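Take a look at this single chain, the form predicted alone, given in structure tokens.
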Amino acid sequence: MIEVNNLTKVYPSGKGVFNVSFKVEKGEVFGFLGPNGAGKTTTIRQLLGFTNATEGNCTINGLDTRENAHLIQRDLGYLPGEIAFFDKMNGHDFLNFISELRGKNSDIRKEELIRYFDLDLNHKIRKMSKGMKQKLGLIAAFMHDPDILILDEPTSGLDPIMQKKFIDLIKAEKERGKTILMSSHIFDEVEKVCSKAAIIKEGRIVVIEDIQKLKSNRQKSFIVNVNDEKDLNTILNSKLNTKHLENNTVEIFISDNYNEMIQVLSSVNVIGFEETHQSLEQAFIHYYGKEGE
């Protein structure tokens, strides 16, 4: 349903995206992970037909996204990372305007979403909070009941309750067979709704993997508390990958070298041992390295 083929878009600064390729199958929720500046929005802008690629191409539902942007956008559900509104309009005016642009009557689904997100549309947009504007953007993206959605940082500005409601909405849309590409840096929401994810780093895809496999490949982490400084130094001076936390407490990171860890710990007086509950974020850091590296 969504296909990116060897996409390269180079800006005068030399930054951009390079040989990016991935596919989103029908009925799949696909996560697109990376920090600011990694190339997520550049790729999404190409999918919307906003820019010309230096090389490569993108298709949505078999249509070239640059040549057929007007046809694609009529049916596509799209939430930009930074939404531009007509500030003098109120919420009703804006949603009616979007419906007219698409040439689609979306009143039934629109009213359902307004109630779902509990949004008062009588306010002028310029007086709306960040969270209210985000909800307005989400309603605009979903109200015509599109089969394909592209969402760029969809929960930005939403409070925790609305973030949960958004997750529930995505799960329901997935059950209905919708195809969704979701750019995000919030690992928890990607874990909950995506079946597959791509990680982009400095404009290049570094991994595309099933979420469960991505999590299972991450390093395991253990918090170990030892009796004294001598024991602490024994662990820190070993070949294990460690991080000194505080006092006589250390975190040990391992992949498959359990025997080595057990050997080292058997030579010290361990008074506390706990495995940490890691998330997809650890898998992400595995590909990006620690901060500053």
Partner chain sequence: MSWALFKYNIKNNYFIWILLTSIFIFYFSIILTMYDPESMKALDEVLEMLPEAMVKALGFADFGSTLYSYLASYLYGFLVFLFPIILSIIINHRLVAVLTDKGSMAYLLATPNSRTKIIITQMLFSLVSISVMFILYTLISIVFAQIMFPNELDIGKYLLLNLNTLILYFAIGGIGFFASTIANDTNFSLGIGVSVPVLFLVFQMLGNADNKLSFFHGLTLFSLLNTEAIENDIPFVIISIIVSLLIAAILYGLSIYIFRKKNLYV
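Here the structure is a predicted model, which is why all the values come from computation and not from measurement. Residue numbers count along the first chain shown, from 1.
Keep in mind that the form predicted together with its partner chain is missing from the display, and what follows is about it.
J.: Classify Gly137 as contacting or not contacting its partner chain in the model of the complex by the rule of any non-hydrogen atom within 4.5 angstroms, answering yes or no.
T.: Result yes; Gly137 sits at the interface with its partner chain in the model of the complex.
J.: Answer for Tyr78 alone: is it within 4.5 Å of its partner chain in the model of the complex, judged on heavy atom distances?
T.: Residue-level check for Tyr78: yes, a contact with its partner chain.
J.: Taking any heavy atom pair closer than or equal to 4.5 Å as contact, tell me whether Asp87 reaches its partner chain in the model of the complex.
T.: Result yes; Asp87 sits at the interface with its partner chain in the model of the complex.
J.: Just checking whether His123 would be counted as a contact of its partner chain in the model of the complex - the rule being heavy atoms within 4.5 angstroms.
T.: Because no heavy atom of His123 falls inside 4.5 Å of its partner chain in the model of the complex, the answer is no.
J.: With the partner absent here, would Lys9, Arg45 and Phe97 each sit within 4.5 Å of its partner chain in the model of the complex, counting heavy atoms only?
T.: Each of the three qualifies.
J.: Among Ile108, Leu101, Ala172, Ile161, which has any heavy atom within 4.5 Å of its partner chain in the model of the complex?
T.: None of the others qualify; the residue that does is Leu101.
J.: State the residue from Asn247, Asn259, Asn52, Ser266 whose non-hydrogen atoms include one within 4.5 Å of its partner chain in the model of the complex.
T.: None of the other options qualify; the answer is Asn52.
J.: Can you tell me which of 183 to 191, 153 to 161, 89 to 97, 110 to 118 lies within 4.5 Å of its partner chain in the model of the complex, counting heavy atoms only?
T.: Result of the contact check: 89 to 97.
J.: Check each residue of 53 to 82 against its partner chain in the model of the complex and list those with a heavy atom within 4.5 Å, in sequence order.
T.: The stretch touches the partner through Arg66, His70, Gln73, Arg74, Tyr78, Pro80.
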